[in-house]
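Okay, so here's just one chain, in structure tokens, the form predicted on its own.
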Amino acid sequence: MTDTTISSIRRRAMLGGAVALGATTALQGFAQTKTMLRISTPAVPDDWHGKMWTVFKESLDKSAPGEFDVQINLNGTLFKQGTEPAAMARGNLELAASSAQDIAKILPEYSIYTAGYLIRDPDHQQKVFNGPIGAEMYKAVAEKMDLQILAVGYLGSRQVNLREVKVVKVPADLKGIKLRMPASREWLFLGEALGATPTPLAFGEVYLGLKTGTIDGQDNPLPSVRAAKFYEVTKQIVLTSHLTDGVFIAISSKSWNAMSPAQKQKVTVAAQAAVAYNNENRIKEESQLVEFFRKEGLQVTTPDVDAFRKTVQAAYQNSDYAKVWPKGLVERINAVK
């Protein structure tokens, strides 16, 4: 083999190596262009508002293949319940499903959406938040919290779930009951309005708290009671239906503003698909669960709901919360049909 031939082989090898390196660099660059979307939720894997994030991811994978890196973190493993909005505002988190109670921490006037017995049912909820009232709320959230609300999911009608059987007809019957509530003053006020002794506890600690007697009960929609297996450590469900609960799928403004108009549209559609999946399945399951819990040995009782409604609404109307509610908003919400 001549020196010329060897030199030629070396040149081809070097050229091939350069091409391979260039291809690798290009692939790395492509991977780095993916938009990271980290999701934090306290939801357990079996709950519909945990499963809905898989629908969100699958929707984006289909409509925008290779554009997004969607990372789903369940069980509050990334951020604790209630801390997500602050994390999103700081740019440490992209997506979460926040409660009205979380929003009210920053926007006190929106504590109106935390009031018991105001939103009547899932249909009323969707009409309120998908109409002019919701648009006003979302604008304020964007301006003051650096979050963009994409869709609202139905979390269910919250019921009281007790560790021991108790006759509960009116709010006074819950006196002395240590009722677990999420750790914010808006949630704690609701527990107090129900007549109980509200006790703050993270969602992930509720099962053990019920099992050991640290708390006497908890309130959640029936699908969440089933998904988190609270029925294993409780004996009664009281159908107070005191709050038509919702979760607001929100994305940080930092992430939102970095997207192209086409990406924003795809993310919005994915959020709406996730919510539609959650709502359909949750409503269907909710209608079937009373029988399920009875078969599991729980007593399911119905109190004087009108007495609860009057007591809870009076507590809110006479509270400092009502003083900051936008004038006429209660009437506007009630008028939505």
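Keep in mind that this is a model prediction, so the values were computed, not measured. The numbering used is simple: start at 1 and walk along the sequence shown.
As for the form predicted together with a small molecule, it is not shown, yet the points below apply to it.
- prompt: Is there any non-hydrogen atom of R158 lying within 4.5 Å of the small molecule in the predicted bound form?
  reply: Output for R158 is yes: heavy atoms within 4.5 Å of the small molecule.
- prompt: Going by a heavy atom distance of 4.5 Å, is T41 a contact of the small molecule in the predicted bound form?
  reply: Taking the distances in the predicted bound form, the answer for T41 is yes, it comes within 4.5 Å of the small molecule.
query: Any of the heavy atoms of Y154 lying within 4.5 Å of the small molecule in the predicted bound form?
result: No.
- prompt: Q81: heavy atom within 4.5 Å of the small molecule in the predicted bound form?
  reply: Result yes; Q81 sits at the interface with the small molecule in the predicted bound form.
query: Looking at T114, Q125, S224, S252, which has any heavy atom no more than 4.5 Å from the small molecule in the predicted bound form?
result: Here the answer is residue option S224.
query: Which one, T234, T240, N220, T244, lies within 4.5 Å of the small molecule in the predicted bound form by heavy atoms?
result: Looking at T234, T240, N220, T244 one by one, just N220 meets the 4.5 Å heavy-atom criterion.
task: Look at the stretches 47-55, 307-315, 267-275, 291-299 and give the one with heavy atoms within 4.5 Å of the small molecule in the predicted bound form.
output: Single hit among the candidates: 47-55.
- prompt: Each of R180, W187 and F203 near the small molecule in the predicted bound form, meaning some heavy atom within 4.5 Å?
  reply: Answer is yes for this spot.
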